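Single chain ahead, by itself, as structure tokens, in the form predicted alone.
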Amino acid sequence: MKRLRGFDYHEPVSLAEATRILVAAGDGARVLAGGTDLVVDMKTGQMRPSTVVNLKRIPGLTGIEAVADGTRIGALTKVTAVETSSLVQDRHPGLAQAASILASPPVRALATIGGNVGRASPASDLGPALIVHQAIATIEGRDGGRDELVEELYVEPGATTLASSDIITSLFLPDPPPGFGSAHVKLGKRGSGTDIALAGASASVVIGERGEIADCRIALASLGPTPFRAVATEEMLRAEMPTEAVLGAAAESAGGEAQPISDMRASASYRVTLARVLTLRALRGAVRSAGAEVVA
């Protein structure tokens, strides 16, 4: 563990004040949300910010509420609150599942949903779940506010489209249509669910009037440089009946869309196998979440 290098520390009480500090500090500034990643990176020397801006005193950045056409989650909302929210469990079950297996209970009690998105880890638990729920990030920055799909935020490992002066203020998840269901699964190194994902998969489906998969979304983690959608696999599922054969073929397709690396935790070939296995599990879970059955 390295000695922390000196840095300027601020606790602004408004978004305008936070933005002014971040703009003045430039690329050396970092935002502190839950701190579960930033503080560790600073202690290990992986990150040496010149300025740290703690957002915890700014009002309006926490909470989960039903709003017009969807659910709003403040960016500083703890992952534990997302996990246990009845609103999230009912409307966006895959996100609640993803939150429930992020790291460990003590980490979930500190980590925030906005901080997890901004971290842009390829192994993100929340990223894939937010993507299949078509989540939109509201961002405040130098040039005012804007909205951006979470799936479009990710650029490369640890990097997003966010400027150094940008702050994610909330996440909006649109209300699901009738027949919607979602699920998230992952495998950690010890299979305990508490480790960084060797691979993860989220899926959402909309079951149509005939029992067919009218629409679907699949997002994968630890299987590419960022959380990403398996678009070709989604296309092959639309208008198909949710049979074991159809879902199995989709799982094989998702394995073909995976672009994993080999590292000290797992080989690329093993991760491709996991992509197939976890996609199948996620699709089965999403179909059941929608109130339908996977038929032989």
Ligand SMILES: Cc1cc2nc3c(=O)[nH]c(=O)nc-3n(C[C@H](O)[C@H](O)[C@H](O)COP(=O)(O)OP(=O)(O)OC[C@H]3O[C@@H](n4cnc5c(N)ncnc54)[C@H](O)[C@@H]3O)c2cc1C
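The first residue of the sequence shown is number 1, and the count goes up from there. Everything quoted here is computed from the prediction, not taken from an experiment.
Just so it is clear, the following notes concern the form predicted in complex with the named molecule, a form of the same protein that is not shown.
Just one listed stretch, out of 254 to 262, 223 to 231, 241 to 249, 23 to 31, contacts the named molecule in the model of the complex at the 4.5 Å heavy atom level, and that stretch is 23 to 31.
The single contact residue among Ala214, Ala81, Ile196, Val88, judged by any heavy atom lying within 4.5 Å of the named molecule in the model of the complex, is Ile196.
Taking non-hydrogen atoms only, Met236 never approaches the named molecule to within 4.5 angstroms in the model of the complex. In the model of the complex, Val206 stays away from the named molecule, with no heavy atom inside 4.5 Å. The shortest heavy atom separation between Asp166 and the named molecule in the model of the complex is within 4.5 Å. Although the partner is absent here, Arg72 sits far enough away that none of its heavy atoms falls within 4.5 Å of the named molecule in the model of the complex.
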